[in-house]
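A lone chain, given as structure tokens: the form predicted alone.
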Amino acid sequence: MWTRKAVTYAGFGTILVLFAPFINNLQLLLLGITLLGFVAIHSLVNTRPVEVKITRRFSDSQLFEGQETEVDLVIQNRGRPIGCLEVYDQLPRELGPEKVANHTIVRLRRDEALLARYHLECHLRGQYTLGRPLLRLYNPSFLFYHESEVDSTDELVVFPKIEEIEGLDLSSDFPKMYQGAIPIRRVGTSGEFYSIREYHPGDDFKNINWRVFGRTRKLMVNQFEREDISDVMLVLDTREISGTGTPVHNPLNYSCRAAAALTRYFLHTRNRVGLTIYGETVESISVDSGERHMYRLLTRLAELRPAGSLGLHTVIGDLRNFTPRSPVIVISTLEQDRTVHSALREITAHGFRLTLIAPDTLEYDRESRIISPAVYFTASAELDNTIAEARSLGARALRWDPSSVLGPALQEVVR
């Protein structure tokens, strides 16, 4: 293939050859012929394919959003000596910011191996396949080159970013009891002291700490560890509308981060967590506990892409098989879903303890001119109405600004 240098030489030589006779200038004619001859001779210089093997290694092939991994490219020459070889590691568009130095130029002797290293910062969740490295071999004059690809692909998984959540009580009032119940480090009823807080009207007088009252003259109440295990079901909206925005700033990405944070919190407090996804189809991952189950859920969250238009009502059938009166947390943008009102009424009618989290990116979309001001105000009013209706049904509903921390925002609606 031709380089820009070769095109420039050939084009300039052609112009001189064609223009020189009109001005009767022999020197320009000879110069043009010389340039064309130079290009023609160097086109015969060997740029045949080379035998190169490239092995890619990661310092960590499974990481979270915002983390960085170190990529090592082991370039091994298995053929003739190579004077100038350009190696370009092909990355997915989501992982290819401008500052990534995934490009190098090397010289290799026969059977020589070199190491090229660069750092890759992953800003967006997903399960990525790093493509085959691209090789470009130049001839000595850098007028022509030959391109080829090396058969070497690797997988990289980027989990959603997990936010720390503490002191959140979204558990069931009717927990699923197991023989030999264990403390789950959350406020409840048992004989094991957990913490102390201020007295609120309606608290049981037998829990008042009279010793503290004698010292401080303030009514304080003892809290104890709760000994139960709850089944928690997360319902996640993956409809096509949830992908509105930029590849980074869209409701689906923020929903996955919220689901990941809640999954980690509930599993670490020894509850059992399940996941129901609706959009193009309805998919359910049954409730379970443990690190292996957390890895399974995080991997599924990393793979999600916006697609389909199924409404919230499509998950009702799966929830009917879920533990009665257990917490159900719906994470949805709530936009363009005509079934959301009837679905919320049916979920609460079945006695589930409903929590609704609506990631709100409308302000960002308006400032970025993704949507018009008229669409913004209409969508914002509809979202407020849906949140108000959910609260009227007894659900804890939150219009969540993703620029704020999820934990404190949830604590406000749980109180």
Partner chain sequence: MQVVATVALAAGTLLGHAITQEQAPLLTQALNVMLGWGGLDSIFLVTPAAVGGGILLGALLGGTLAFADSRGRVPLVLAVLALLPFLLSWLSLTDRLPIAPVTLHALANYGWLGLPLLCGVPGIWRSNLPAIALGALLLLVQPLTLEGNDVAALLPILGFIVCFMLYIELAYDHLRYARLARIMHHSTEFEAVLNWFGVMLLLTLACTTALTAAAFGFHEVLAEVLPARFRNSIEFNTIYGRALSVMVFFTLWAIAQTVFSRQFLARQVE
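Here the rigid core means the biggest group of C-alpha atoms that line up within 1.5 Å when the two forms are laid on top of each other. Keep in mind the model is a prediction, meaning the values are calculated, not measured. Numbering follows the first chain given and starts at 1.
Omitted here: the form predicted in complex with the partner chain. The next part is about that form.
Colleague: Identify, from the list 290, 247, 140, 324, the residue with a heavy atom within 4.5 Å of the partner chain in the predicted complex.
Modeller: So the residue touching the partner chain in the predicted complex, by this definition, is 140.
Colleague: Among the candidate residues 348, 43, 55, 380, which is the single one with a non-hydrogen atom no more than 4.5 Å from the partner chain in the predicted complex?
Modeller: By the 4.5 Å heavy-atom cutoff, the listed residue in contact is 43.
Colleague: What stretch, of 60 to 68, 35 to 43, 353 to 361, 383 to 391, brings heavy atoms to within 4.5 Å of the partner chain in the predicted complex?
Modeller: Checking each option against the 4.5 Å cut-off leaves 35 to 43.
Colleague: Is residue 106 a contact residue for the partner chain in the predicted complex, using a 4.5 Å heavy atom cut-off?
Modeller: Result yes; residue 106 sits at the interface with the partner chain in the predicted complex.
Colleague: Would residue 371 show up as a contact with the partner chain in the predicted complex if we use heavy atoms at 4.5 Å?
Modeller: The answer is no: residue 371 has no heavy atom within 4.5 Å of the partner chain.
Colleague: Heavy atom to heavy atom, is residue 25 within 4.5 Å of the partner chain in the predicted complex?
Modeller: Because a heavy atom of residue 25 falls inside 4.5 Å of the partner chain in the predicted complex, the answer is yes.
Colleague: Contact between residue 117 and the partner chain in the predicted complex at 4.5 Å, heavy atoms?
Modeller: The answer is yes: residue 117 has a heavy atom within 4.5 Å of the partner chain.
Colleague: Check, residue by residue, if 285, 296 and 307 all come within 4.5 Å of the partner chain in the predicted complex, counting heavy atoms only.
Modeller: The answer is no: none of the three residues contacts the partner (heavy atom, 4.5 Å cut-off).
Colleague: Could you list which residues of 283 to 309 come within 4.5 Å of the partner chain in the predicted complex, counting heavy atoms only?
Modeller: Residues within 4.5 Å: none in this stretch.
Colleague: Could you tell me whether the Cα atom of residue 145 shifts by at least 2 Å between the shown form and the other one after core superposition?
Modeller: Result for residue 145: yes, a 2 Å-plus shift.
Colleague: How about residue 39 - superposed on the rigid core, does its CA move between the shown form and the other one by 2 Å or more?
Modeller: Moves: yes, 2 Å or greater.
Colleague: With both forms fit on the core, has residue 405 moved 2 Å or more by CA between the shown form and the other one?
Modeller: No, because once the rigid core is superposed, the C-alpha of residue 405 moves less than 2 Å between the shown form and the other one.
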